[in-house]
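Before any questions on binding or motion, here is one chain by itself as structure tokens, the form predicted on its own.
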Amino acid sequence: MPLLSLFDRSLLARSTRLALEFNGHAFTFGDIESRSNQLVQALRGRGLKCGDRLAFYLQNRVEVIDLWIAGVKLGLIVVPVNVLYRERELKHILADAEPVAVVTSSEMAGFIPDGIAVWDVDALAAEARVQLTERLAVVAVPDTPLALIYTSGTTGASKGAVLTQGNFAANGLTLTREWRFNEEDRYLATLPLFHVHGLANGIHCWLMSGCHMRLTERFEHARAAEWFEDYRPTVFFGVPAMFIRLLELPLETAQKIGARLRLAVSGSAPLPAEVHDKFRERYGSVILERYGMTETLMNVSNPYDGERRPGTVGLPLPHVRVKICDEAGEPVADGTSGELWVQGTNVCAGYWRRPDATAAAWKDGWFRTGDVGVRAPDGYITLQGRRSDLIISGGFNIYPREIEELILEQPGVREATVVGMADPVRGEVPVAYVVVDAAVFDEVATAARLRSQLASFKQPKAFVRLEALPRTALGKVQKRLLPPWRS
């Protein structure tokens, strides 16, 4: 089924129904339809056509939703960019994707590298407001590319996953059904819309179900109690760091929130079983943990009706096949660790301009996730880590080599390696172990340079100085032999 026809369940069939609140402004689904139609006209006026790439580098705001729906209608390939990314990351992504332009705000435009066309979001919105509201839409098929979303690789260079309209349609339909979304739901949306968790899951479940959504610019722990009490959501999506913060609310407040909350979904990083149990005790609501990736959207979920087992990500979703394989690619027995391989209509079309990476990640029609896990006899899957050295901090993926390469460029650094260390709030944080020339190395200046080049969540929590890094005979750093670090 075409993606736009799924959106039309709300854009057209529920046109008069209140759909969205943002910063005190209310919009019906008909308003959202008209705004996206006007934006299509404005983008066409600027020369955009089906298949063109258009990036956005924006905090959550209504214009991101306008842009996404307009992209579906016009057949664009939308490139969401993490707002925490800075010079090095932006240069790579924008050079690789080659978008016609980047839509951003005046406050963030200064981060965009020279030579890239920048379209001010407020100017574009003003231009759209004077356009006709008549719908113009291209004919799309499931294989029509819709998004180019960058996910880090073990080499440190981000790869663009090509996600199609069919990928998003399959994912949205399944989640809307499996998680029992309906038009009476109230969805509090605090996740960033540049991430598939907030975009592919949240926005699509909202549009396909016709529920009401309150959008915030970001999650703010200090305002969480106010939001939950004022809006009274029935649905909330978060990452483990958010649920850890919510455990700090007073018990009476937590009980009131939990009494109205029928669905709390956690993803993007492993949820500690302890947090799962404490949330159930305080809120009376059982968090539903699931497992997905940028390349595949959602693969596995604990059931809505049935046991939501702490420490597991649940069972394969109806549109996904999962097998757990050994190094030779042979399925392993239940209870045995192996790499998760997935297959289904949710899996992306490949990596943008990276036939080598695409060939390496797919085998006989199966996508090799790189995630290690184990399946219980009753089918529940538990994740155990990455085949690579991935660090997941607050729901964001960090690959150490990218940070290591930048540290090695700094004066006085002879060797560097970065590892993930346990953190009670973010799950993991990066810590840098370095071998330096003490007379030259300036830790304060090095940290400042990293802050200017990399996203905040990639900043090393500490620099631990060593006389030498433990290495194998072939020169590979033995990270397991690094001395422990304590904050």
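In this text, residue numbers run from 1 along the sequence as written. All figures in this text were calculated on a predicted structure; none of them were measured in a lab.
Below: the form predicted in complex with methylmalonyl-coenzyme A, not depicted.
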- Task: Check each of Ala241, Leu146, Ile257, Ala169 and return the one that places a heavy atom within 4.5 angstroms of methylmalonyl-coenzyme A in the predicted bound form.
- Result: Ala241
- Note on the structure: In this chain shown alone, the residue from Arg308, Arg214, His195, Arg282 with a heavy atom within 4.5 Å of methylmalonyl-coenzyme A in the predicted bound form is His195
- Item | methylmalonyl-coenzyme A in the predicted bound form: contacting segment from 70-78, 176-184, 294-302, 136-144, heavy atom within 4.5 Å | 294-302
- So, in the predicted bound form, is Arg35 in contact with methylmalonyl-coenzyme A at a 4.5 angstroms heavy atom limit? no
- Query: Any chance Val83 has a heavy atom within 4.5 Å of methylmalonyl-coenzyme A in the predicted bound form?
  - Reply: yes
- Message: Even though the partner isn't displayed, in the predicted bound form is Gly394 close enough to methylmalonyl-coenzyme A, meaning a heavy atom within 4.5 Å?
- Response: yes
- Query: Is there a heavy atom of Ser452 no more than 4.5 Å from a heavy atom of methylmalonyl-coenzyme A in the predicted bound form?
  - Reply: no
- When methylmalonyl-coenzyme A is considered in the predicted bound form, the residues of 89-114 having a heavy atom within 4.5 Å of it are none
